[in-house]
Each structure stands twice: as structure tokens, then as C-alpha cells.
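So this first bit is one chain, no partners, the form predicted on its own, shown in C-alpha cells.
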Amino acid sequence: MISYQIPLLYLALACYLLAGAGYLAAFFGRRRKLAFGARILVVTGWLSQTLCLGLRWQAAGFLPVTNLFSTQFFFSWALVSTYIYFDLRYRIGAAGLFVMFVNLLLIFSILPRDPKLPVLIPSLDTPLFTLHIIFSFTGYAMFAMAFSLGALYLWQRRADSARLPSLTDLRKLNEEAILIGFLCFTVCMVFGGIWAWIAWGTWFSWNIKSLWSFIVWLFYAGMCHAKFVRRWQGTGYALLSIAGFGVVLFTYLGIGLLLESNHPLE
């Protein structure tokens, strides 16, 4: 049991709550200083999570992502990292509202769970597992970012607000999130295949987790193509981003919690 991880987690939660309130106040109050303060809070929360993750990694001796608490914690960390990348590069500001909402749902859902460090089974004791997980959740985080941008696109189309990014910018950001997420998820599947070959002598097995992971990959491969098709641009692409994240959540949580697979979650 690591005594410092809960205070660090609550510090991050407090920062994200205040950041969400700051973005909301900046949106309705039209005050840039509030948005800047929210950005500082997001970075502070992310640093707190990074410190907690680093200390847990050091204590365990491996990347601790083998139970539901640790995977959701890592998912949250990857999502905030993704948001910081987009905000520093494009100053997306109010788009942080949607990302903070998804992130807060992730953190609140893990608070009741046991934060103990999981035991590493022998088949996971390989750098391929670490690389597989890092690229997998980076891909998931990008898909969550695309979900947030898709929802914001639909809102902006209805509201036509000058305080939100333009529809053109939102579409470009969404396409970039999908492309980076797809590339990361492709690398994740390559490392997973190599790992499976070494561990079990096969590149791909027809278990339900592997099958749905392949469906996720096919879905986003299709989205990378759909951005060039006129009828799928704009609203259609935003709706696909939202639907795609539903497929991701079922693959990550639905199968791990409700069905028997070789990727169980506890």
C-alpha cells in the first residue's frame, strides 16, 4: 500500500474540478484570465498524476496497469496528456470543458476502488507488454479527445459561438486526433502480436478481446479514409467520432468487466 497516492489523486481531482469550473466561467464570462488559470490547474493536476504514476511504477518495478484502478488511472493520465498537447499547440481553450468532463468521470469511478499495486503474472513480465499498454491507452486517449471534439463540433454548429473554436478548426483537430490515435493503436497491435507470438506461439487468437480490438482498428482505419469523402465530412465525421468512442469503451470496459477474455479487469 502506498500512502501518498491517495492525496496525490485527490489533489489532481481538485485541480481538474476547479479547471472545469474555470473553463465554464471563462466561456460564459468571456474572461481570458480564467481560461489561463484553468490551463495552469490542468497542468498542475497532470503533474500530480505523473508523480503518482511514477512512484507507483517505481514501487511495483513495472508499469502498474493490470487491474481496473490502475488502467483507468493510466487512461485518465493519457487523456489529460493528450489535451495538454492540443491546448499548448492550438489553444483550444473551451474544448477543455468536454475533456475535463470525461476525465472527471474516469477519476470519480476509480475513487471507491482499491489502489493496491497489482501482481504481475509471468506472461506480462516483458517490455512488449509495457509498449503494448502505452500505445493502446495513448490511442484510447486520442479517440476520447476526438469524441470530445466531435461533441463540441455539434454544439458549435448549433450555437455558432465566437467563444468556441470555428467548425473548420474543430474538424481539423478531430481528424488529427483520429489519425494519431489510429497510428498509436496500430503500433499497439503490432507489439501485441509480437508478444502473443513469443508467449503463445500465435500472432492472433480469435478470443473476443482480440476480435473487438481488431474491430476498433478497422473502424478508425475507415475514419481515416472517411475524411476524404465529402458526405462524411463535418457533422458525419463528428457523429462517427462519438460512435467510435462507444466501440472503444465497450472493447475496454464492456468486455473486460462483463465477458470472459484474456484481458480481464477486476
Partner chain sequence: MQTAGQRLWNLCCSLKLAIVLASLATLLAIFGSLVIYAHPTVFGDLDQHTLATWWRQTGSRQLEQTWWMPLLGLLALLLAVNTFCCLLEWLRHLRHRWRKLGEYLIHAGFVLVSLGFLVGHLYGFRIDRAQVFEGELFPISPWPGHYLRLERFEPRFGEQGQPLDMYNDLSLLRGEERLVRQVARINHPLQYAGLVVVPLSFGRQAQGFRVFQPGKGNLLLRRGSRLETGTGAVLHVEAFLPDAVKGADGRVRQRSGRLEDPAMLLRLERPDGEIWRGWYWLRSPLPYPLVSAGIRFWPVEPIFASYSLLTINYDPGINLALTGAVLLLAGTALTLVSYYRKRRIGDHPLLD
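Positions refer to the first chain, counted from 1. Since the structure is predicted, the reported quantities are computational estimates derived from the model, not experimental observations.
We do not show the form predicted together with the partner chain, though everything after this point is about it.
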Residue among T44, T50, T235, N207 with a heavy atom within 4.5 Å of the partner chain in the predicted complex: N207
Answer option from L117, A151, I180, V102, heavy atom within 4.5 Å of the partner chain in the predicted complex: I180
Any non-hydrogen atom of G37 within 4.5 angstroms of the partner chain in the predicted complex: no
Heavy atom of R158 within 4.5 Å of the partner chain in the predicted complex: no
Residue contact check: W77 to the partner chain in the predicted complex, 4.5 Å heavy atom: no
The partner chain contact in the predicted complex: K172, any heavy atom under 4.5 Å: yes
Output flag, G20, L55 and Q58 jointly within 4.5 Å of the partner chain in the predicted complex, heavy atom basis: no
Within 194-230, the residues that have a heavy atom no more than 4.5 Å from the partner chain in the predicted complex: I194, W195, W197, I198, A199, W200, G201, T202, W203, F204, S205, W206, N207, I208, L211, W212, I215, W217, L218, F219, G222, H225, A226, F228, V229
